[in-house]
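What follows is one chain in structure tokens, specifically the form predicted alone.
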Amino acid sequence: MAIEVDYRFTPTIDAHKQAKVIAIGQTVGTWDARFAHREASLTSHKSEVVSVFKEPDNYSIATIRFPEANVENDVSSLLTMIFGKYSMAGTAKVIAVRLPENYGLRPKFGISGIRELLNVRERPLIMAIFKPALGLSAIDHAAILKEVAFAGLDIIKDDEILGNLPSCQTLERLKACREVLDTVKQQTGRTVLYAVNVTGNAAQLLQRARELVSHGANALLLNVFSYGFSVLEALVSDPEVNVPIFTHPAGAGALCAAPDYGFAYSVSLGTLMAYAGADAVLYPAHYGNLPFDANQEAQIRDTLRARNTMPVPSAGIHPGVVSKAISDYGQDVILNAGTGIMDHPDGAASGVKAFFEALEYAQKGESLSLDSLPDGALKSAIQKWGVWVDK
């Protein structure tokens, strides 16, 4: 099997020439008569320019096919091959990567496994983020968790900025929150997942992940673009880390936001995450508070689901976008809200309640008109954040 990559070049670039440069320079390079006896071996590692075509805007798309034998069935060697030194050679953007079905890793839990852990089968899942991000104690986190967990929340996560800080060490935070999770389970029968942010250098991070799981962590959060895809793959492959791994997009903009350089978001947050084994992937929704392209979002969603990875649209999610989210995603989605839950005018528990009320309205196909909404959590949320309207 082969690996195919689509590169997009600006109108000023000779796409045919540059495609050949990539095909040769990112694989075997050139050779002369001294290596004639290695001709067959060298040729087997050489990539091939499959096609080059021009788009209506005069940008060009070149497709290059790389031998799978050139990489190590992981994301890191793949990135080095398809866009290593060439990433510094000028304008070019990787807009698609097609990998063999058996390449890389699959999630240990994914959509089906997360649903099984939560025993929630047929509705979107609701997730919150601890806020404020920094400055809270472990006891503060536990108090927040108690409020939202008893209100019906499915999942909560650390803010990606919060690491193993002296003011709120990761293990102490987990221990305080674990007591709440156990109480919720005993009193309601419900499981709530807490995705603990795992940090440190590579060796520390892996050891810390094992320690957290041994102390009751039932999910982990990883900033993949900060710590690396190889760290994600190590966590996925570790038999001691037998909990879902949620990945955060922090840093993705540095690789993806420039229009003519780097990677498409659909590649970095879709293809690479899915083939590195992430169980659930956070990324901006186009109706959130970060500028994001709806087509890229849809590609990420579809790529993740094809590998049983749960999509988690984020960044500015509030009850007023629930109907739109269900229209875009159906049931297999985690709706992830920070301020959309924690900054509810009547408190975080009401923020959770507002999401579940919005789910009921969306499933019935009813509109969220302020004139018809009864007083309560949902109406207060809509008064504060409004309702998403397609532009």
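Residue numbers run from 1 along the displayed sequence. Note that the structure is predicted; figures quoted are calculated from it, not measured.
What follows is about the form predicted in complex with a further copy of the same chain, which we do not show.
Annotated contact segment (heavy atom within 4.5 Å of a further copy of the same chain in the predicted bound form): 157-165, selected among 211-219, 183-191, 294-302, 157-165. Here the marked residues Ser87, Gly228 and Asp343 all reach a further copy of the same chain in the predicted bound form, each with a heavy atom within 4.5 angstroms. Exactly one listed residue, out of Ser60, Ser350, Ser323, Gln26, brings a non-hydrogen atom to within 4.5 Å of a further copy of the same chain in the predicted bound form: Gln26. Glu72 is the sole member of Glu240, Glu72, Glu116, Glu101 with a non-hydrogen atom lying within 4.5 angstroms of a further copy of the same chain in the predicted bound form.
A residue is said to contact a partner when one of its heavy atoms sits within 4.5 Å of a partner heavy atom; Ala306 fails this definition for a further copy of the same chain in the predicted bound form, lying far away.
By the criterion of a heavy atom within 4.5 Å, Gln169 is excluded from the residues contacting a further copy of the same chain in the predicted bound form. Contact annotation for Phe150: none of its heavy atoms lies within 4.5 Å of a further copy of the same chain in the predicted bound form. Residue contact with a further copy of the same chain in the predicted bound form: Glu179 places no heavy atom within 4.5 Å of it. For the stretch 202-216, the set of residues having any non-hydrogen atom within 4.5 angstroms of a further copy of the same chain in the predicted bound form comprises Ala202, Ala203, Leu206, Arg208, in sequence order.
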